[in-house]
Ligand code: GLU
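The chain that follows stands alone, in the form predicted alone, written as structure tokens.
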């Protein structure tokens, strides 16, 4: 059985669109599943559109997701470089093969003449086809003129797609297309066929926008006597409303923007995998190994899937829950503004104790940053100024009614074990049950945080530590 080889072949134009990333992911998953190779090829033959730094950006994006390549811009293969701009001699060799067969010729027309042909077709209300103006005799190709492929057989093409099934397109899709430009660079139509053959690619995964061009590709495969690979058409990624393809206007972002916003790579991989692929079960959360084992081409859907940011947030929370306390504390620290990290009581150890109470609630770094900016965590890292009026429980007539309960709590906590929130709770719980939970827990929590909303008082006391907790309770007793 032939070794499975897949590839992702982006152009270095500066933006890693979610659709392209998912194509890379599916190509990688299938190669891994089948014990094959995944190739990262850079299609940099249109120098006018190339953005400086894009190749490194593409590599960084895939690396963040854990997508590794057997061969790539940094890893030449037995077939040579994975940068198309390094492979010009290879394209010229294949082009010369077509010339020798009489299946390629230099374009003799000027741009003005070609435009006149297009205008004539437009006036006659018919599509422009270059082959209708093909010269009867061909000059010698010296590289100064674009080289065009000569369609030798105008026919209706039929082919099989692993996702869409049997497809076909008619003669109107075939034309004498340019395969080598006047600047010596190949066109996509030609270069990707040559490269896929040279790199022994077995499965070509790409978007549905390429279906219409497939007859052109097939005619080139035939002319070069290259066997067809397996075509795998990706379903489109739709905007949240499911009515149109996801675009920048719909909030589509460069992949690494999601990293900046605090999405975990594992969550993004899991989320993207499920847009257009259905494992056939109710399961939604997959580890990397599990995803590779489960992935099949047969489960790729024909219809598009919506890019639902709420689902992505949910997925991210699922993966945040899986982080160790230490790793989540690092995640929180990255999200905290300097107004928090510069507070007098801020330490890594205090953050580590606070982290679990944050972990159970948040979906992203943005939520942590917003909460911090609203002062939600400041009590943990600085002694709060407590409004005595807040200490009053709803059944009390004044804040002074809480004094004896807080005094008793202070006595109990003075001898308490502060090693965990549970040991702190055990020290005062019997008394709380005796006087009423709210009657004790409310003023105790407010004394520790100065806030109406915060974690439970046992967690708060554990986070700030015994000495600080006792000082805060005594402080409110004094102020009342």
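If you're wondering where the values come from, they're calculated on a predicted model, not measured in any experiment. Residue numbers count along the first chain shown, from 1.
In what follows, reference is made to the form predicted together with this ligand, a form of this protein that is not presented.
A.B. asks: At 4.5 Å by heavy atoms, is each residue in 351, 381 and 467 next to this ligand in the model of the complex?
C.D. replies: Answer is no for this spot.
A.B. asks: Of 405, 192, 216, 87, which one comes within 4.5 Å of this ligand in the model of the complex, counting heavy atoms only?
C.D. replies: Result of the distance check: 192.
A.B. asks: Among 409, 205, 180, 391, which has any heavy atom within 4.5 Å of this ligand in the model of the complex?
C.D. replies: The residue in contact is 205.
A.B. asks: Looking at 114-122, 184-192, 303-311, 90-98, which lies within 4.5 angstroms of this ligand in the model of the complex, counting heavy atoms?
C.D. replies: Contact criterion met by 184-192 only.
A.B. asks: Report yes if any heavy atom of residue 10 sits within 4.5 Å of a heavy atom of this ligand in the model of the complex; otherwise report no.
C.D. replies: Judged by the heavy-atom cut-off of 4.5 Å, residue 10 is in contact with this ligand in the model of the complex.
A.B. asks: Quick one: does residue 130 come within 4.5 Å of this ligand in the model of the complex, counting heavy atoms only?
C.D. replies: No, residue 130 stays farther than 4.5 Å from this ligand in the model of the complex.
A.B. asks: Since only the chain is shown here, I'm wondering whether residue 210 would be in contact with this ligand in the model of the complex (any heavy atom pair within 4.5 Å).
C.D. replies: Flag for residue 210 set to yes.
A.B. asks: Does residue 43 reach this ligand in the model of the complex, with heavy atoms at most 4.5 Å apart?
C.D. replies: Taking the distances in the model of the complex, the answer for residue 43 is yes, it comes within 4.5 Å of this ligand.
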